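Take a look at this single chain in structure tokens; it is the form predicted alone.
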Amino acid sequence: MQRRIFLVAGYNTIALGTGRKEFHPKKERPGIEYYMQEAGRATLKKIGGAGNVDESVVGNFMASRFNNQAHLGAFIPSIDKKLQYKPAMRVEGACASGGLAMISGIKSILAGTADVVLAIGVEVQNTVKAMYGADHLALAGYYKNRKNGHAYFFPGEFSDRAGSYSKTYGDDYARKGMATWYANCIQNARLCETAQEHHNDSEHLFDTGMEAPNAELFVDNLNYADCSKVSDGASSIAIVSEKGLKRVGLPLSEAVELVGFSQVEENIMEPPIDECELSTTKNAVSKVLEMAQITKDELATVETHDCFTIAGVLATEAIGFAAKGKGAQFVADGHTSREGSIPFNTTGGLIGWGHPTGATGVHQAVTIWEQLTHQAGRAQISIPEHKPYGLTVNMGGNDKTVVCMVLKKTTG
């Protein structure tokens, strides 16, 4: 890259929704501006204030439907008066909106138009009934196919993937991999105070994951534990150049360096090339590892887009840790657990931490930043010296937009 780029001062609000003790569907809850302000102010406090920021970007998918509010860039000055009359905008790419916010900030740094960019991802979704929410979220796919799909559109899409995987490799085999993924997510979420499933104290996580799907009540090949929940929340982080890092007064030891990024698209109007493969993710990961000039074996941890457990299983194959069809066994054998050979989603991922859609890509970056700077608290894992890298994989739609980043631990 033409300039060195660093990430500093990450922050996550609580991922609020069913599962959190504070959540009650009939009680008034914070609006989208509250989450933007909480996250933004927390990052600004760590970087010496809003006066150090050149530009801001907001990742958000569906505020226009869930909150009857568009034009989110103009909310940025409400975070701090010193952001008044500075560039800010909102970007969208379905569930990859947060990742696209990161890419937008990165490109501003590379272009030299900014040295410090405030990146925020936000979504508030607990505002409508589940069926209406499912219809809103269906806009992340090709909406002309909406009437051909299941009532719960995206669970139906990934149910089809799970069904194809089960038919090809065995139902019990696939189910054990997905159940193990679910159990790992909840176990990790218990260690993260902001996670939506932080309060989940079930002693039967694997058994819950093994429950047979009920097509009459939900979808054919997924149970409720296989799905990420509806979430409200925001994440924020500062993207800075070397000059920007000096400006905000933070040492290298509190920063991670961006050494690779990729963003790729697949035609939304066409069905998946192969239901048993995340082809766009595979392409994006290949490109980001090539840019970073590393192999998958140099990664200490991965944050992947497990909107459904089958997406987590398929990601292990798309990244290359498991051969095609071997991902379920790779997960069931414990390799992706926090004690495994390559820990995935150490604060719970989308299944456990939550999935406020526009925030997810930023949350992934914050989690890797926390791990590589040893600021993850109880969720901290070991980062071997010979594996100083972390990977994020943020997916929009049914593997149609994918954003990846490779971040490197720094010293100093």
Partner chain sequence: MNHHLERYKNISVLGAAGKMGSGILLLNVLHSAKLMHHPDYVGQTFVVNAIDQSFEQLDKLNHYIKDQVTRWAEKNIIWLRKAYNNRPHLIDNKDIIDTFVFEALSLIKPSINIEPTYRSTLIFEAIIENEDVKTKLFKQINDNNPNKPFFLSNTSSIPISVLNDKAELNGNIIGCHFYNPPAVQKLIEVIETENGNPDLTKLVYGFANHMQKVLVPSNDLAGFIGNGFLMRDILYAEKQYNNLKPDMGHNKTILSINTISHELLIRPMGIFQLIDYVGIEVCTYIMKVMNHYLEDELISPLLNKLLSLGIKGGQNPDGTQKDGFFQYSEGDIVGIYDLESKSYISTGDLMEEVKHFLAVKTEAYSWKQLSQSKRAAKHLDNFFSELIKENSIGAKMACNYMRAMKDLGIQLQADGVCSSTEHVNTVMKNGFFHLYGPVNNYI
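Numbering follows the first chain given and starts at 1. Bear in mind the structure is a predicted one, so any value in this text is a computation, not a measurement.
From this point on, the text means the form predicted in complex with the partner chain, which you will not see here.
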Notebook entry, point to check: Tell me which of 104-112, 68-76, 203-211, 189-197 has residues with heavy atoms within 4.5 angstroms of the partner chain in the model of the complex?
Noted result: 203-211
Notebook entry, point to check: Do H150 and the partner chain share at least one heavy atom pair within 4.5 Å in the model of the complex?
Noted result: yes
Item checked: Close approach of K129 to the partner chain in the model of the complex, 4.5 Å, heavy atom -> yes
Check: Looking at the partner-bound form in the model of the complex, is K246 within 4.5 Å of the partner chain by any heavy atom?
Finding: no
Note to self: Test of understanding: in the model of the complex, would Y173 fall inside 4.5 Å of the partner chain by heavy atoms?
What the structure shows: no
Next item on the list: Would you mind picking the one in A323, A215, M89, I273 that has a heavy atom within 4.5 Å of the partner chain in the model of the complex?
Entry: A215
Check: What is the one choice in I294, V259, A134, L252 with a heavy atom within 4.5 Å of the partner chain in the model of the complex?
Finding: A134
Next item on the list: Note that the partner chain is not shown here; using its position in the model of the complex, name the residues of 166-187 with a heavy atom within 4.5 Å of it, in sequence order.
Entry: none
